[in-house]
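The chain that follows stands alone, in the form predicted on its own, written as structure tokens.
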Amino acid sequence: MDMNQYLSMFIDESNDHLQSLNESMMGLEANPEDLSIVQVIFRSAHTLKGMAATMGFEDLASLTHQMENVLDLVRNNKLRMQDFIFDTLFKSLDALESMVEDITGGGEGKADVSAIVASLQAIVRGEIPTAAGAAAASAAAPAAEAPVFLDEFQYSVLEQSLQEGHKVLYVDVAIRKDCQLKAVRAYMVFDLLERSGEVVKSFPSVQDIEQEKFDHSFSLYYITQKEASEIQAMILNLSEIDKVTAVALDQESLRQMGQDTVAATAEAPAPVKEAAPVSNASPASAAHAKEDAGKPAPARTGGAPSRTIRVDIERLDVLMNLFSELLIDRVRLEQLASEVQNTDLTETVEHMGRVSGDLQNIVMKLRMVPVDTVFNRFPRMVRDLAKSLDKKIDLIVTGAETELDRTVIDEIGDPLVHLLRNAVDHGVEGIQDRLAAGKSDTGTVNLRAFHSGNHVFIEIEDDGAGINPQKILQSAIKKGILSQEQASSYSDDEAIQLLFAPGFSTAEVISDVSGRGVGLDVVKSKITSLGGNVVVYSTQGKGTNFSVQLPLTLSIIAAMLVRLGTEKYAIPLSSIVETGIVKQTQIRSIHGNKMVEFRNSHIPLVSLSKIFSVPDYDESTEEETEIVVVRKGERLVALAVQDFIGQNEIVIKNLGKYLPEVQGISGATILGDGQVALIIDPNAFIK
């Protein structure tokens, strides 16, 4: 069977499962006792394993199988989730993502994951990683972490021994990897221990150890009168012993352990040994599906069948381009009908206009996707960043269902990553600083999206220390961006906007995560290129808010058509505040710049005819001039035009590689009369 035809489906579904696994793992980390989440994770991992095995990606299937072994112990109450288990599982997910990326890029999905597999196997065996500080841990820790379960009799023996003044030890022995007769060494350890006490329980069982069915290490519970350090030293004196950990248990640790003993009457790893091999993924999949079907479904799984289909985005792009051509023809027909004055033609064109309007809404909605497709990677990113920076941070995501055009979604990811990393690294203070400032030790970063008019706003707000405007001004003076006199005239808001200046930074030490100001100019230019805007608000001691304003779509916009001589231009309606007429006597000249009064303030008047060198129009020769007031953030500018033609929907066409980045022009469109009109970028006129 040719698997290539299923490859794109496999990649899509694998990415979905990996995303689901990441989200569920985050949920489980927040609520480690919720076994329903473990069931969701297990099923996702199991499905991914089956898919990978079917497609022949053995490394991917093998790693997922090892993850499954760990999750199987957890869902059967034989292993408690702990930090090092979460870390290992998250590393496994990262490796799986890398493999899927490799497959997406045409590779075979192969990777060296032996270290991660070894860690997962060690967790299944009940070994506590040295990184977790097993030797230095308290007496309660090993008992709580060790999955070497005791039956009720063994537990009561240990408890009674403690009450009678004996010592109960948890001993972990590792034999050297190059040992040829590890069963003999294990026998010597048992023989040595039985001279000074009694071994109550071992894992693996004594029988398995005698038959060498263990992987160079074993654990046991031991009753003795000797100290833990003494027992440890005695075992280490034997040859070919690599490492020994002996920890004394007390009543409290035994009591915690007792919570597990009621359910754990069988050997802990037994279910793992019975797990289906990777090569039998399909039958195993059916068996697990049957097994899972009998269990209560977790809350997150919906009962309704899916009513959606996957469509290649390129097909939607083709559909969008075809509709764009149809829209241009519709406008052309409308103009011809108005010229011909034929009733039948006019009615037909009007009907066509209504139908194409409905079609336009459908096409636009097909391309609209929730911002959740971008947001879903951030919880994991913030979790990892906070951990690496030793901070406690809650990321609260709201409005993830807000929809944006796919072209905007594809572009907005990187700027948001940069702003979020800034918020985590420089926005939220460290734990000690927060406590000293009278705040809780856990910082909050809000990531919210919402519609407003024809725009979508995405805000990244932290409750950190805020931005110090004086520090920014001092840095700007030091870098020669501002003089001392200029800085003294800057307001706090103007000072904060300096963060977006190229290469500007207030960070004394630039970390590998981010630096407040480093790269923010890139963020701003990217958002501006999308027709959006970014504004920052900050209050010292309370936090910072980066507000990103984005257009709903970049393909079809409503615009006002204006005339300058024989040329026509389109101004996006979303930028227009008002239109009006000013007399020459109302135009004032201030420091060589023309200004007009607008709502009790004076705003700049920009001559488009001069900027674009229009040969047959000059507004200075007229008594009255039409103006279009446009907005960029809080700033306004009046554009002088000759005539208003009217409002229309236009299809944006880029200028191509021959006219790159013409100042003040964001693209072109074809009008109903076949003439090409340039689309004005109002942001370019507002500095």
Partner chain sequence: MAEDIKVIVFKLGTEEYGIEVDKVQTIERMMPITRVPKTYSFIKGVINLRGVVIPVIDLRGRFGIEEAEHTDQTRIIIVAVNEMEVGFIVDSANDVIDLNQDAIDTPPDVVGGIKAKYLDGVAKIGEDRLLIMLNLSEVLNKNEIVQLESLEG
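Residue numbers count along the first chain shown, from 1. The structure presented is a predicted model; accordingly, all values stated were derived computationally and were not measured. Take the two forms, find the largest set of C-alpha atoms that superpose within 1.5 Å, and that set is the rigid core.
Another form, the form predicted in complex with its partner chain, is not on view; read the next lines as being about it.
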item: Residue 645 within 4.5 Å of its partner chain in the model of the complex, heavy atoms; value: no
item: Contact test in the model of the complex: residue 611 vs its partner chain, heavy atoms, 4.5 Å; value: yes
item: Any non-hydrogen atom of residue 9 within 4.5 angstroms of its partner chain in the model of the complex; value: no
item: Non-hydrogen atom contact residue 662 with its partner chain in the model of the complex at 4.5 angstroms; value: yes
item: In the model of the complex, the one of 35, 629, 55, 655 near its partner chain [non-hydrogen atom within 4.5 angstroms]; value: 655
item: 170, 569, 546, 218 - the one with a heavy atom within 4.5 Å of its partner chain in the model of the complex; value: 569
item: Interface stretch in the model of the complex with its partner chain - options 618-626, 646-654, 55-63, 40-48, non-hydrogen atom within 4.5 Å; value: 646-654
item: Threshold 2 Å Cα movement between this form and the one not shown for residue 11, core superposed; value: no
item: Core-aligned C-alpha movement of residue 25 between this form and the one not shown reaching 2 Å; value: no
item: Residue 329: Cα shift of 2 Å or greater between this form and the one not shown (core-aligned); value: no
